[in-house]
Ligand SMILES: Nc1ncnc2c1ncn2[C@@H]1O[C@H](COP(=O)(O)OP(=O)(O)O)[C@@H](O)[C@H]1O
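In structure tokens, the next block holds one chain alone, the form predicted on its own.
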């Protein structure tokens, strides 16, 4: 009989990284991370391909709240072996699908072997189903957030011009690079007064990253402070759908186009998301 540890190793090694996995994270809450995740996923889906948004923000279920959805099943049912990942996919407005979050992720590293197997198998299923997987992580440098971010093919770090948000964004950047030196991290500056302010924030973070980490932090783009965004949140609807001509929508469309265009030129990763994720939590040893 093959032991459970060996089964985990075989699952990790046989995974084929079909989907490009993008983790959207932040050093602190309140910077618009989940709104960016939801609306970016929709804008990317509009350009073709299957986009799945995974709510990895513990039990807060913010993705569902922002989209006005309520699901019967969530990630905990997958972890407990009651459902497969494909069973809990929810079709959402804008042509995307979501995996509802769950408090079952609170202590991933402490899960028993069978639950770890279920989680890894579920993540592998997603990779086979999607062209893009967008992961909305928990805010801050908690172990779960860092595990997803460090394992992703690319990290989008969301910050605002607020000084505390800049400091916390650097803390997240430092933590991700400590876990994975070659992590690809790009900065999205939210709630800006204009392009000049966004580039000033980007320049400051890129400077300290280069000076203290010896790592490059590239600038992905910015989203302006736009009242349409808060109005959409109040309506539990994505702003890209109900305000297609809003300034924030136009900026986000440019960012989405850039990411999707880059996908065709991206080189396949030598080690996939699943293997990196398992190793970051100690789920697969040195497999």
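Keep in mind it's a predicted model, so treat the numbers as computed, not measured. Positions refer to the first chain, counted from 1.
What comes next is about the form predicted in complex with the named molecule, which does not appear here.
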{"item": "Contact test in the predicted bound form: residue 191 vs the named molecule, heavy atoms, 4.5 Å", "value": "yes"}
{"item": "Distance check, residue 221 to the named molecule in the predicted bound form, heavy atom within 4.5 Å", "value": "no"}
{"item": "Close approach of residue 236 to the named molecule in the predicted bound form, 4.5 Å, heavy atom", "value": "no"}
{"item": "Interface membership of residue 31, the named molecule in the predicted bound form, 4.5 Å heavy atom rule", "value": "yes"}
{"item": "Candidate spot 35, 57 and 230, all three touching the named molecule in the predicted bound form (heavy atom, 4.5 Å)", "value": "yes"}
{"item": "In the predicted bound form: members of 68 to 95 within 4.5 Å of the named molecule, any heavy atom", "value": "none"}
